[in-house]
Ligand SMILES: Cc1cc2nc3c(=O)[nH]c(=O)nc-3n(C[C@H](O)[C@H](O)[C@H](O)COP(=O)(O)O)c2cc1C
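Next up is one chain by itself, shown in structure tokens, the form predicted alone.
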């Protein structure tokens, strides 16, 4: 998908000092120096805002962008650009390592303004060709979360009934669709156990008692999955900094991708595909230290110069 390329950039020529910084950072050739002033010369724009962010005299405006996206309700922010190397790397690493997937939440609501601020933080993530294809559906209370929980449980109950049939798994393999057999092998037993417990006790095995959630979806784009997961990653870190616990709920993503009626009940349009679901709330668990991780596979590819 080619994102909206309409040029909305405007330059105040009275303010412009002709430094050329906006031209240098423009990735689309929208701007150029004409005489001693920067001018809009292109007929397309990424609407990325590089030019406005670089201008030392605030002479550039990009009309498609909103200042509301960098104004927050639940905390005070600093809109000054932070140059590379001027943040405490050790503290950043500590934040990343301290964020854990939370599966024990307090019975305490999350203010709506916090959820809305998390969305604003999420959309500061990069996206392919600056498509920004994401949508965010907020579930701000426990009742809304349980409505989604019921829909997910119903989906997996139907899926388990299908997967339990050997002939159907074999038939799907024959027609080149082995996913049902793979699901039966990897997830059927655990889903059946959790569903039985859900029916017997009503225990929330999916959202772990979270009082809020965010559903991140995408419209068509060049790399929609990556775009949404990058936004989700920023939300997870920001939630920790806010004092919230978070957990990615993969089963809910699968259900909403395959059950269009459930997605529609949340207000999602037919052209939106769910990419991430994040449970949020105040954590009822603490840790003493940053956890270690498995060693990754790392390759070194070099060429002789």
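Since we're looking at a predicted model, the values are computed, not measured. Numbering follows the first chain given and starts at 1.
The form predicted together with the ligand is left out here; the points below concern that form.
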| query | finding |
| --- | --- |
| Which of 138-146, 121-129, 211-219, 92-100 lines the interface with the ligand in the model of the complex (heavy atom within 4.5 Å) | 92-100 |
| Sole residue of 241, 34, 70, 248 within 4.5 Å of the ligand in the model of the complex, by heavy atom | 248 |
| Any non-hydrogen atom of residue 289 within 4.5 angstroms of the ligand in the model of the complex | no |
| Heavy atom within 4.5 Å of the ligand in the model of the complex - qualifying residues of 272-305 | 293 |
